[in-house]
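Listed next as C-alpha cells is one chain, alone, in the form predicted on its own.
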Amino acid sequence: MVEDSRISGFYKLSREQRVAKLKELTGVSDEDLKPLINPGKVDMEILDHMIENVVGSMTLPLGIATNFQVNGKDYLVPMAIEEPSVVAAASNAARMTRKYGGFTAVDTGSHMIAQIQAVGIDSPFAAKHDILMEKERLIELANEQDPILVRFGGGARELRVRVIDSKVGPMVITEVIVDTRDAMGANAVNTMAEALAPEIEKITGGRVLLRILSNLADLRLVRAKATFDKEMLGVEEVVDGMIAAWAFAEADPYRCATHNKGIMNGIDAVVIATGNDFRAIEAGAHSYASVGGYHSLTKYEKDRDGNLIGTIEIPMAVGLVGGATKVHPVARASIKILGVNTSLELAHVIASVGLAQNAAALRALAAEGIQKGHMALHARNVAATAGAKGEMIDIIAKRLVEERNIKVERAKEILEELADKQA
C-alpha cells in the first residue's frame, strides 16, 4: 500500500530513477517489475497460449499516474497508452482534488447479466410466466455450474424474463443475474447460460439461439465524485468554461462522442495495464451513455465557493482473477503497484482516473486549448522519429514548439544543423 501518491518532480526523474522511486514507495520487488521494465523479455510461451497464431508482441508505453487518493487511500496508477499527455493530465487533475479529500467512489456490486434468446414460441407471454415459475430451480442449476464461485460468495442471484419484438418476430429473453465477485465473469455467466438453454427449450417449446453475457453491465456501476480546487484550475471563469464545455457535450452527440472518448483515454489505459478487457469496458460505457439518448458519462457543477464538482457514473466490469490479469506478468506487476484487494476497489480507481482525465481535458479546452500541452509532448515523439537521441530530443522538441512547426522534416533539419555545429 502506498502511503502518499504525491511525488514531487516525478516527471523530471530519469526512467531508472522513476523505477527506483516506484520500488521504494510500493515495495514491489525487482522480480515483479522485471517484465514491466523490459517487456521484450516476457516469456513467449506465455503469450503463445493467450491467443492463437502468435508471432510476437506489441509494446505500449506504461506510465505511472500520481496524486490519486480514492476513498481515503493513496494509489500509484499504472497506465498503458500510446497517446501523449494522458498520464500527465490525469496526475495533474488528481492533484487538484487532494485539498478536498481526493475522490470518493461507490458501486452497485459485481453483478453480470447472462442472456438466453428463445424464438419460435407460440405464446411468448405465457412462456415468460412458465419460466418464472421455474426460477428457483433454474438458479440452482446455474449455480451447480460453478461451485467455486458459489464458495467464494458469488453465483446466480436472480432470474428475469423479457418479451421483445424484433424484425423476425417476438423473442423471449431469459436473463440470469450473476454475482461474479473478483472475476470479470464472462466465462462463468456464459457457462451458466449454456447449461440453462436446454431447460428453457423444454419449458417454452421454443428454440434457443444465443446464450451469452451482456456487456451493458448496468448492474455493475461505479460512481465517483471529486471537488477540483478553483484556484488550481485558474480563475472562476475557467470553472464556468469547463461547465459550459460539458454542457455542450450533453447537448450535442457529435461533441459528446469526443468528450466520452477523453474519459476512456484514462480508463482504457488502466484497464489495459491491468490485463482487463478494454473492448468490453468501451462497449459497456458507450451503450450505457446511449440509454435515453447519447449523453456524457460525467456531470459538472459548482459548489458555493466556486470550486468545480465532477461526478462520473459508468459500468465497470473488471476483475482480478482469470484471464490476462493473472497470466500476463506485466498485468500482475500493475496490480501489485496499485495494491488493490478486490475487483470493486480496482473499479473505483479506474472510474476516478476517468473523471480526472475528463476534467483535465475540459480544463485544457476551456483555458488554453487542447493542443498546447498535447503538442509539446507530441514534439518529443517527432524529434525521436527524426533520429534525435538523449537530451537532443528535448532541445529539438523545444525548437519545434517555439516555431509552431512540429514536423519530422523540420526536426531532421534542426538535427543536421546541431550536428554541423558540433562537428
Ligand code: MEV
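Just so you know, these numbers come straight off a predicted model, no measurement behind them. From 1 onward, residues are counted along the sequence shown.
Keep in mind the form predicted together with (R)-mevalonate (MEV) is missing from the figure; the text below concerns it.
> Report whether all of Thr258, Lys261 and Leu365 sit within 4.5 Å of (R)-mevalonate (MEV) in the predicted complex, measuring from non-hydrogen atoms.
Affirmative, all three are within 4.5 Å.
> Taking 4.5 angstroms as the heavy atom distance cut-off, pick the stretch from 357-365, 394-402, 55-63, 29-37 that is near (R)-mevalonate (MEV) in the predicted complex.
Stretch 357-365 is the one.
> Even though (R)-mevalonate (MEV) is not shown here, does Asn265 get within 4.5 Å of it in the predicted complex, heavy atoms only?
Asn265: yes, in contact with (R)-mevalonate (MEV) in the predicted complex.
> Just checking whether Glu140 would be counted as a contact of (R)-mevalonate (MEV) in the predicted complex - the rule being heavy atoms within 4.5 angstroms.
Output for Glu140 is no: heavy atoms all beyond 4.5 Å of (R)-mevalonate (MEV).
> Taking any heavy atom pair closer than or equal to 4.5 Å as contact, tell me whether Glu83 reaches (R)-mevalonate (MEV) in the predicted complex.
Contact check for Glu83: yes, within 4.5 Å of (R)-mevalonate (MEV) in the predicted complex.
> May I ask you to list the residues of 299-336 that have any heavy atom within 4.5 angstroms of (R)-mevalonate (MEV) in the predicted complex, in sequence order?
Nothing in the stretch sits within 4.5 Å of the partner.
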